[in-house]
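A single chain, nothing else alongside it, follows as structure tokens in the form predicted alone.
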């Protein structure tokens, strides 16, 4: 009986697991791996590693080489731990054209760059399901902006940054009718369209804006990289399903032997925009930005986009054939080499930027698709890495002339020489790696000391935790000729990608607290004298403060069943790492965790008469347990007046 591919690939994986396991253990045991990853108490890690959380919708932050989890940054999913998405200030971050969407599938992190190097200011990440790009401020490690990308489906190809943070480039994974309309799915070739999107970044504030979109054939657009150094000004985007199939893609999108790499001259696109060659489209998408002064998210609906059509803009977009079903698209530090991986290819294709430019200048084209010239494959080819492994996915660079590629099927990382295309080393991973990261490996100046492989399957690496196991990250030392496995550490969610940066580029920029005098929140109380309770019909606002070790006011009477109560808590501390929390019995949303100098608001709707306790949820001092109070709730028709104060004072009244 002949094995199908669906059966054969897992069997191959199991064979590789069995064969590789001992060598991996031996590798760790023979070197001083423990010492290499040891970070003494009170010492800092060398590197911040930012990993996407996949279906968690978040970003996780690890220290390298220790592998210690430092923080989970809430981005696309609500978090009861600190009230992100539940507090009145942050609710609007989840506004989209589909309504409130409090979750997503986060895939690719991108650090801001200046002159081709990470600058430690911002981190960007995509939401795959409801197409969005978020910005995290690395001075606070908080999400401060989310921009929806209209008229696309599955924003997997995002948000790839240019070398001076001019643009974030993204593209639709699933082509759809544009504008959306009710059409038969089997009219795919006639009615479905792709888009490549260019989101500009303000150089000072980091705020994003959808600058323009490029209308593309209805393929699936998977991943991208922007040129750097000599290739700065160009973008490279892998596509699959050039067959334009719409069902059983594993078969119907594999009919041709090659797919296509899109090559975009975005500086030429800028010229066409300046000339007014775009078409304006009416659409709908949301842009949610945190007001820095108030810390409140402001949400606005946008209705216009600018569209460029390649057939009307010559010299802007090209295609070149690439091995079937490509995934990664990676550009070397010099900007000369573009690696396009066909996931099912036994070889690995490397294009030359200089040869691509020569082919374009000489019009060495084999075809044209919707007005887009298709460059001759051989004309742009620099060389092929022959039989390096099975299932190539992603490539990164060490800045020493070497490239490193993950091989999903053969469960390994392979090191090869960029110029000679010769394999130099290979090391097993455990198991089935997807992405990998070298600190700065996407920049003009990689920090080629460590490599982290992010593995999709864990099996026997950690203590079992039921049917679902933590994903495995494995740290390699790549400073020498041979890679050395140093450490396994588990990760949260499913990291699809990571970027890593020297800690020194961020540590000096980190905010320790929010200056209380700069707090512009309209409901802040900057000292205890400003604490009060105000009623406006059924709406009650509590201006509350927190400081070690009491909440003010801590006794409040006069709430009524059916009131909408807003607790506005200002943390008066001006000391690093002294947040205060707030929770009240009967709250059906979340707690608050408020940073020093900040104000956050929890909405509470009392359902029945009684006396309900509230308290600080963050252990902040020896008298933390005493940091509590009571809220008295009376019947809806009662005439109890509002009274408030500290429990050893006479209560003030409205």
Partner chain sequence: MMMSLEANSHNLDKRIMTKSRIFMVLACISLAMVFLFPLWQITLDAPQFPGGLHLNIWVNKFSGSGKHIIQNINILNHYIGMQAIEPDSINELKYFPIIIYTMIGFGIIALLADKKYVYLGWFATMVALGVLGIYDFYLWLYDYGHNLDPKAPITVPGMVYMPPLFGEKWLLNFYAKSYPHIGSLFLGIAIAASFMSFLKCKKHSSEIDE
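The shown structure was predicted, so the numbers you read here are calculated from the model rather than taken from an experiment. Residue numbers count along the first chain shown, from 1.
Beyond what is shown, the protein has a form predicted in complex with its partner chain; the following relates to that form.
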Is residue 272 near its partner chain? Define near as a heavy atom within 4.5 Å, in the model of the complex. no
Given that the partner is absent here, does residue 461 sit within 4.5 Å of its partner chain in the model of the complex, heavy atoms only? no
If we define contact as a non-hydrogen atom of the residue within 4.5 angstroms of the partner, is residue 517 a contact of its partner chain in the model of the complex? yes
Indicate whether residue 607 is a 4.5 Å heavy atom neighbour of its partner chain in the model of the complex. no
For the chain shown here without its partner, which stretch in 106-114, 353-361, 465-473, 567-575 has non-hydrogen atoms within 4.5 angstroms of its partner chain in the model of the complex? 567-575
Which listed residue (306, 421, 548, 456) meets the criterion of a heavy atom within 4.5 Å of its partner chain in the model of the complex? 548
Listed residue that, although its partner chain is not shown, lies within 4.5 Å of it in the model of the complex (heavy atoms), from 39, 623, 611, 34: 623
